[in-house]
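Just the one chain here, laid out as structure tokens, in the form predicted alone.
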């Protein structure tokens, strides 16, 4: 049976690493609808994506029902 956790986990892990790298290279102030926000959204969302990707990969490799 196809386990979609593995490709989703790797996809989110790779995207998270790329987004964190982009946030570290470009630490800029973002404007949303004319308002400045003083925190880096790329670092926050990249970290969340990385954690989710790692969680999915851990779930795949610790699955007890696989034969």
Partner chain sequence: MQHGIGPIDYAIIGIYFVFVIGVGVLLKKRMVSSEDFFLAGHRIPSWVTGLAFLSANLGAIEVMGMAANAAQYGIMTAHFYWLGAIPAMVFLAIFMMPFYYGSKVRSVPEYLKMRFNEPTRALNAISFAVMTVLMSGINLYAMALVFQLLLGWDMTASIFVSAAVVLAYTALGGLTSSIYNEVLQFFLIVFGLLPVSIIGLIQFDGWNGLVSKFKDPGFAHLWLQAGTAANPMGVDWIGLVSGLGFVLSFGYWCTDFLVIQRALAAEDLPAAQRTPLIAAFPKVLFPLLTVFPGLLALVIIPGLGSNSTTLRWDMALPLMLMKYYPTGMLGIGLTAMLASFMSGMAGNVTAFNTVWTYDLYQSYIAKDKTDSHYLWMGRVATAVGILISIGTAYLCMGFPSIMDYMQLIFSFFNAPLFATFLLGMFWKRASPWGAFWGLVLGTLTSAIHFYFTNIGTIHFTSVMAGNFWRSTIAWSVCFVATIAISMLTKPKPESELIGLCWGTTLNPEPVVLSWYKNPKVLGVIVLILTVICNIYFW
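Just so it is clear, the model here is predicted, and its values are computed rather than measured. Numbering follows the first chain given and starts at 1. Here, rigid core means the biggest group of C-alpha atoms that superpose within 1.5 Å across both forms.
What comes next is about the form predicted in complex with the partner chain, which does not appear here.
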### Message
My question is simply whether residue 18 lines the interface with the partner chain in the predicted bound form - judged by any non-hydrogen atom within 4.5 Å.
### Response
yes
### Query
Even though the partner chain is not shown here, does residue 38 get within 4.5 Å of it in the predicted bound form, heavy atoms only?
no
#### Entry: Interface membership of residue 11, the partner chain in the predicted bound form, 4.5 Å heavy atom rule
yes
### Query
Taking 4.5 angstroms as the cut-off for heavy atoms, does residue 24 touch the partner chain in the predicted bound form?
no
### Contact set, 39-53 vs the partner chain in the predicted bound form - heavy atom within 4.5 angstroms
39, 41, 42, 45, 48, 49, 52
### Task
Align both forms on the core first, then report whether residue 41 has a C-alpha shift of 2 Å or more between this form and the one not shown.
no
